[in-house]
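Taking the form predicted alone, here's one chain by itself in structure tokens.
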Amino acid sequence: MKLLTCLLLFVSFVAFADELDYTVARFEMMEEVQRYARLARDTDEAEFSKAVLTAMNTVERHRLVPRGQRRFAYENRPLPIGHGQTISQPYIVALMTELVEPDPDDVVLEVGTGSGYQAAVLASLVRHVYSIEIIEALATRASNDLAELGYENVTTTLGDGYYGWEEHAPFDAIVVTAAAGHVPPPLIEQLKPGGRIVIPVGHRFMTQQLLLLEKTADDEILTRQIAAVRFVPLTGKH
């Protein structure tokens, strides 16, 4: 009995130490993200709000990457998540989140669930996130991981995000986490007046631009280039 107790205490200590290491690493990641933001002051990129920084510093990124990648979870770079896909660089996740100006009452569409990390960050800031993933294995894994982590305000589905999710439209914001050759018209149609879309546009072997689109009250679309980026391509019929 004493040996079993000692073993349980040892396992608990190791788990606590691991979580402490992840907490420290996440804090260091946020310092790096803010350093990137300061360097971007001379561009159209803005510094991050307290709400976005808090969300980024709360979401446990290491729980939303494959186990073999966890030791790299808080490095400020993309990571492979299988099936030819990646989880975005934390700085880019923060930037895209900031650009859509999330509000606690917002309903947001995410195209490309991937690991579920961007959805978790958004879910910390808005009322509900609807997220679409075209790769079944990723959709299943992200759905299970998000549920296990308690993100009850995220609904995921398997499907082609090019067409959006009309059933739950209109959306206050849309975040697209893969590069498209053009902005999908269904996403523009499903955006509320006053809403924002952030999307990388371009092809795999060409320069991609992170675009911010805003829909005015009279349905006019205002477009602004934010930064050169590199994303995996949006897949599907288009």
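Note that the coordinates shown come from a computational prediction; the quantities given were computed from them, not determined experimentally. The first residue of the shown sequence is 1; numbering continues from there.
Another form, the form predicted together with S-adenosylmethionine, is not on view; read the next lines as being about it.
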(request) Name the stretch, out of 172-180, 66-74, 191-199, 29-37, where some heavy atom lies within 4.5 Å of S-adenosylmethionine in the predicted complex. (result) 172-180
(message) Going by heavy atom distances of 4.5 angstroms or less, which of V108, V111, V154, A94 would be at the interface with S-adenosylmethionine in the predicted complex?
(response) V111
(message) Can you tell me if I134 lies within 4.5 angstroms of S-adenosylmethionine in the predicted complex, counting non-hydrogen atoms only?
(response) yes
(request) Classify I87 as contacting or not contacting S-adenosylmethionine in the predicted complex by the rule of any non-hydrogen atom within 4.5 angstroms, answering yes or no. (result) yes
(message) Even though the partner isn't displayed, in the predicted complex is V100 close enough to S-adenosylmethionine, meaning a heavy atom within 4.5 Å?
(response) no
(request) Give a yes or no for P80: in the predicted complex, does one of its heavy atoms lie within 4.5 Å of a heavy atom belonging to S-adenosylmethionine? (result) no
(request) Decide yes or no: are F48, Q209 and L212 jointly within 4.5 Å of S-adenosylmethionine in the predicted complex, with each residue judged by its heavy atoms? (result) no
(request) Could you list which residues of 114-132 come within 4.5 Å of S-adenosylmethionine in the predicted complex, counting heavy atoms only? (result) G114, S115, G116, Y117, Q118, I132
